[in-house]
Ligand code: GLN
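First, one chain by itself in structure tokens, the form predicted on its own.
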């Protein structure tokens, strides 16, 4: 039998050489096993763990040692102050993507009604957040992954916005052909795959081995999906409709160049993340 403190120390030593935040990861995983918060671990550091708790904890620590992301181990991730269920096969929401949500909210009147298209449902983080923070929003959330669609629907229900989102399984704009919103979309938003194919294997093991490649691979130069989205968006967006795209490192100017080739985009803005990286490109349609 070991105490909470001893279990954490052993886990810390196991993870120290493998992960960037070994103490935090050790604590979060133990909180998951015990179904408690981190304060509980501090107050109850001398609590004896049961044999079952110890075995489960060691098993999960070993998974983390092998590179499995903490979010897949705990099954959850916070985004925009909301909780999302995540599991293998679905991209984990990142804090950088909150910049995309904030930029959309900044460029609209949140009291109005909007038809919104989100290309790339993932966990549903973008769709659910927009539905939560825009009272008059109705979202069409599209993903080629059936698992992502199911996960997005689950997270929408869990966050109380299931009735405000239609989850559509298909490739890019294809599912919208079966709707009546061609030319009626107010906002199109996307965090598409943008990692160049040859760079994926060089990413952190948590990403390259465990996160879905289909949600990462943006083609040879990482820009395949931007070309398709920027080319297809004018058919669906209203006059003066808003488009907002998350972009990868050093991609912003290239995405703007792609938009410039279409001569349909105006009022293009670049938004940086907290690290000063140009993270979001937004603009409006001129027909």
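Residue numbers count along the first chain shown, from 1. Source: prediction; values computed, not measured.
Unshown form predicted in complex with the named molecule; subsequent notes refer to it.
Stretch-level contact analysis of 100-108, 80-88, 192-200, 67-75 against the named molecule in the predicted bound form, using heavy atoms and a 4.5 Å limit, identifies 192-200. Contact annotation: residue 151 falls outside 4.5 Å of the named molecule in the predicted bound form, judged by heavy atom distances. Of the heavy atoms in residue 207, some are within 4.5 Å of the named molecule in the predicted bound form. Proximity of residue 144 to the named molecule in the predicted bound form: non-hydrogen atoms within 4.5 Å are absent; the residue sits far from the partner. Taking the partner from the other structure, the named molecule in the predicted bound form has no heavy atom within 4.5 Å of any heavy atom of residue 164. Contact with the named molecule in the predicted bound form, judged by any heavy atom within 4.5 Å, is made by just one of 216, 168, 181, 172: 216. Within 4.5 angstroms of the named molecule in the predicted bound form, the stretch 94-123 places a non-hydrogen atom from 94 alone.
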